[in-house]
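Below sits a lone chain in structure tokens, taken as the form predicted alone.
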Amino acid sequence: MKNTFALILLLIISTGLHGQKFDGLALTPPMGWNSWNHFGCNVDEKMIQETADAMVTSGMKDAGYTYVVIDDCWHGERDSLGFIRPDPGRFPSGMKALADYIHSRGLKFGIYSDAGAKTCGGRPGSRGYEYQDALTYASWGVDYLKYDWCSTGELNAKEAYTTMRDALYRAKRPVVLSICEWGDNEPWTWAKDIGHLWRISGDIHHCFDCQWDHGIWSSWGVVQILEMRKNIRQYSGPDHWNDFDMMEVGNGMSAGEDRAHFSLWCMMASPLIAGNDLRKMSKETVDILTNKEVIAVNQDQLGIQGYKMLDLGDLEVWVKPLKDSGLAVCFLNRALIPESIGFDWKEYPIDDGFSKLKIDFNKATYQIRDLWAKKPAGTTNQEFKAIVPGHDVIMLKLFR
């Protein structure tokens, strides 16, 4: 106890010193799983262990998923010195044992807290306890922290998240910091040196095109979040990502809607954090979440967020520059009925001022691969013809 108290005192004395973010932890968008979308507050160590097992046995780990993140409601009470403890009924073995189990599976362990006095689920938040919590997380072996924004009153967001960043750095265990203040304070303009990813919207809902009104706030469908923030792609890149929220793949939408959702999150270089029950996935869900060719678009080393190049009514064309002058192209059908494509590449040159990618298909021929059909789809010398089912996509990779 004396050693712990001395370490707290040392951290308190050093709070005036400038901390920093752990660099290089998220050079491509983080991939993993989070408990909130499917389980809400119904979390316990058995379910988390089973989820880690399923991440391995389903092929998700091999596809690149790394983090197993417990969201809200794991908390118990703080002890007499203010240290947070897990709920003993839900996590009887303790968080260190759970982290060790997850690490033994070749995965990384994530946890949740809040910048306010209370979490969104009413559990103890980190306000006033940032350095103690950072020490605790380090002792448990935490690799990822999702840090929420409930019960924050008049707190300044940039300062609050900087405090936790500095606390994590002083605790000396590298931790990915996920900023979750819903885009209210435009974190893309200030958070690059604070966190590794930041939410750009309120919570997602398991629907393709809807708004779920909770009274004073709303949850949003896939296409609503996709359209919510304009002109922020320049703020996203290696080690600092625009986060379009945890995914709803496998949570009740159709297979086509799940495929479109996953494709668009890959196109937008969003972190790929699954939010379903990994223990009970259909083959369709597994095939979507583990499509390595689509994931490669998300994980492309350039780290360029995609953008909507053409709006043809219900049919949209999204593009994402890739390394080696490659290009991902996603045809999105927002309607419920199928849409026919007759796309002449030579009529639509690429001129992306942000990435500096320019392609004139009259002068350059690209090979085309259909990433969901997993087969060649001709070249840009020919018109691309296909039918996009309702609420679905066709996703292509162009390369030379």
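We number the residues from 1 along the sequence you see. Predicted, not measured: the structure shown is a model, and the values here were computed from it.
Beyond what is shown, the protein has a form predicted in complex with ligand GLA; the following relates to that form.
Undergrad: Check for me whether ligand GLA, as it appears in the predicted complex, comes within 4.5 angstroms of all of Lys146, Arg199 and Met246 - heavy atoms only.
TA: Answer is yes for this spot.
Undergrad: Which one, Cys207, Ala167, Ile84, Cys120, lies within 4.5 Å of ligand GLA in the predicted complex by heavy atoms?
TA: Spelling it out, the residue with a heavy atom inside the cut-off is Cys120.
Undergrad: Of Asp203, Asp300, Asp239, Asp277, which one comes within 4.5 Å of ligand GLA in the predicted complex, counting heavy atoms only?
TA: Comparing distances to ligand GLA in the predicted complex, the residue within 4.5 Å is Asp203.
Undergrad: Look up in the predicted complex whether Asp71 has a non-hydrogen atom within 4.5 angstroms of ligand GLA, and give yes or no.
TA: Output for Asp71 is yes: heavy atoms within 4.5 Å of ligand GLA.
Undergrad: Would you please decide whether Ile111 lies within 4.5 angstroms of ligand GLA in the predicted complex, comparing each non-hydrogen atom pair?
TA: Answer no; every heavy atom of Ile111 is more than 4.5 Å from ligand GLA in the predicted complex.
Undergrad: Please run the contact check for Leu272 against ligand GLA in the predicted complex: heavy atoms, 4.5 angstroms, yes or no?
TA: No - in the predicted complex, heavy atoms of Leu272 and ligand GLA never come within 4.5 Å of each other.
Undergrad: Would Trp36 show up as a contact with ligand GLA in the predicted complex if we use heavy atoms at 4.5 Å?
TA: Judged by the heavy-atom cut-off of 4.5 Å, Trp36 is in contact with ligand GLA in the predicted complex.
Undergrad: To test your reading of this chain, name the stretch in 146 to 154, 289 to 297, 102 to 110, 308 to 316 whose heavy atoms come within 4.5 Å of ligand GLA in the predicted complex.
TA: So the stretch in question is 146 to 154.
Undergrad: Within 4.5 Å of ligand GLA in the predicted complex, counting any non-hydrogen atom, which residues from 348 to 367 show up?
TA: The stretch does not touch the partner at all.
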